[in-house]
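Just one chain follows, in the form predicted alone, and it is written as structure tokens.
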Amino acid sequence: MDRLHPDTLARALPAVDRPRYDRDALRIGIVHLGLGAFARAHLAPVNEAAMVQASDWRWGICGVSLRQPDTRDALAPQDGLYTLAIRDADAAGAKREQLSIIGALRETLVAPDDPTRVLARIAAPDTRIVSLTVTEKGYCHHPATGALNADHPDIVHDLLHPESPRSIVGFIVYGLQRRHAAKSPPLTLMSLDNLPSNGKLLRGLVLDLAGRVDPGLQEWIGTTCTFPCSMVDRIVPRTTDADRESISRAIGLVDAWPVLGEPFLDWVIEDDFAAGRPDWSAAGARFVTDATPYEVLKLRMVNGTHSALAYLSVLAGWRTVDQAIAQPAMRRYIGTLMRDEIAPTLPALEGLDLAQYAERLLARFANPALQHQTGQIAMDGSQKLPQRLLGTIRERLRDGLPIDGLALAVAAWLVYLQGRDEAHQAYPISDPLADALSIEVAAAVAARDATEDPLLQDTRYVARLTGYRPVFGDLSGNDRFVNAVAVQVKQLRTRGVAATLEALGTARAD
């Protein structure tokens, strides 16, 4: 088969949707940092639909990969074209797929290869929005507090080498510095990552670093650029070689880097843009004055339960989300966790039926066509737990409410950090704090083994690990928290995941 390319686009099979506009007319108005699968399955198709709807071609995307060249190397020979495969199953369980070729990506850069070009693109007059999907660990901040980690090696490097930054915050600050020096207009910095008040967090980090570089730059950014908060929601599994082969056959052209997604898509964003924006509402986005309630809803209901499911599933050997949620005890646990412990902490949202939302989420998790790997969701737990689980725990402890289900989720992570599942199979711990966490785990195991009293062993283990303040912050040393988690660690250690879930369900029923 021919390779996907503008010159071969007409040869794609008839059922495949494709760009039907002049891509050469696209100007780059958006620089997206973190060109991973999520951005290509969420931002890019929504942006494409908005451009087509309005015939407004000012919003082409320059995608920047921050570490590896693989996305650039795959997409550059395709002139940025790639396929989005939306997958689900019908009422009978038969898998189905809808294919679209996306054309909004006009340029792909690799930051370590050419940082000067990335900075120039941020500073370019046509650029109006810089957006980010760099995951929680990409912000070089302290997850427990949200403050800039000034000792992070990338931040230290960036202060010494402004011409070749490594961090996201560094690229933004030095790109804006060039923009300011050229007297170009301000722009919008838009985080799409799963962080509470992500725009406010990004603003604080950018202003902190800018103040260390040039107080005048800090003032210009703070008074003219905008940082809208947003909530994004779509499950996007990692693309496999089998996906590449099947999608290539389905479109009739070789696509080296397609992306997958579920049919569900949600995007809520504060309407605070310094230099205009596309009308993304034409493709389902919602513009609001305050995104906070939507962020809390998504972080706690979707991301919190996703993490709880992931750590328990890795320990049990359940490899995909649909396999895990098909376990009756797991489904009961996740449903009860949402209803009894998470939902009562959520702010009111007009027109939202939380029970219906929870049922729809369970159905999304059960989608057999996605094959979403639990090990992928389990990555970077030190960055995710503070946003997804610990905030909910703090509120319930403050109000004197039980945290049994949430404690089980935290316990699963603490046991997961030992690196072996119930069948004694090893798995890697992929986390930016992996080295520090391995030291903490070793110390926690030593503290546990230092006593023969079975009533103290798990408490000592949990007390040591939850004393790690970069993750747990002011929860460190909280006796109610430690004791609740220790109960669940003991259950996991002595009974295993399935029996622990059954026992928790039975206890709640009683």
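The shown structure was predicted, so the numbers you read here are calculated from the model rather than taken from an experiment. From 1 onward, residues are counted along the sequence shown.
One more form of this protein, predicted in complex with D-mannonic acid (CS2), exists but is not displayed; see below.
Among 74-82, 280-288, 392-400, 231-239, which stretch has residues with heavy atoms no more than 4.5 Å from D-mannonic acid (CS2) in the predicted complex? Contact-bearing stretch, as computed: 231-239.
Closest heavy atom of N194 to D-mannonic acid (CS2) in the predicted complex, within 4.5 Å or not? Flag for N194 set to yes.
Counting only non-hydrogen atoms and a 4.5 angstroms cut-off, does R179 reach D-mannonic acid (CS2) in the predicted complex? Flag for R179 set to no.
Give a yes or no for I377: in the predicted complex, does one of its heavy atoms lie within 4.5 Å of a heavy atom belonging to D-mannonic acid (CS2)? Answer yes; at least one heavy atom of I377 falls within 4.5 Å of D-mannonic acid (CS2) in the predicted complex.
So, R388 and D-mannonic acid (CS2): in the predicted complex, are they within 4.5 Å at any heavy atom pair? Yes, R388 sits close enough to D-mannonic acid (CS2) in the predicted complex that at least one of its heavy atoms falls within 4.5 Å.
Using a 4.5 Å heavy atom cut-off, which residue among R331, K137, H306, H152 comes into contact with D-mannonic acid (CS2) in the predicted complex? By the 4.5 Å heavy-atom cutoff, the listed residue in contact is H306.
Only one of A275, V302, A144, L148 comes within 4.5 Å of D-mannonic acid (CS2) in the predicted complex by heavy atoms, so just point that one out. Of A275, V302, A144, L148, the residue with a heavy atom within 4.5 Å of D-mannonic acid (CS2) in the predicted complex is V302.
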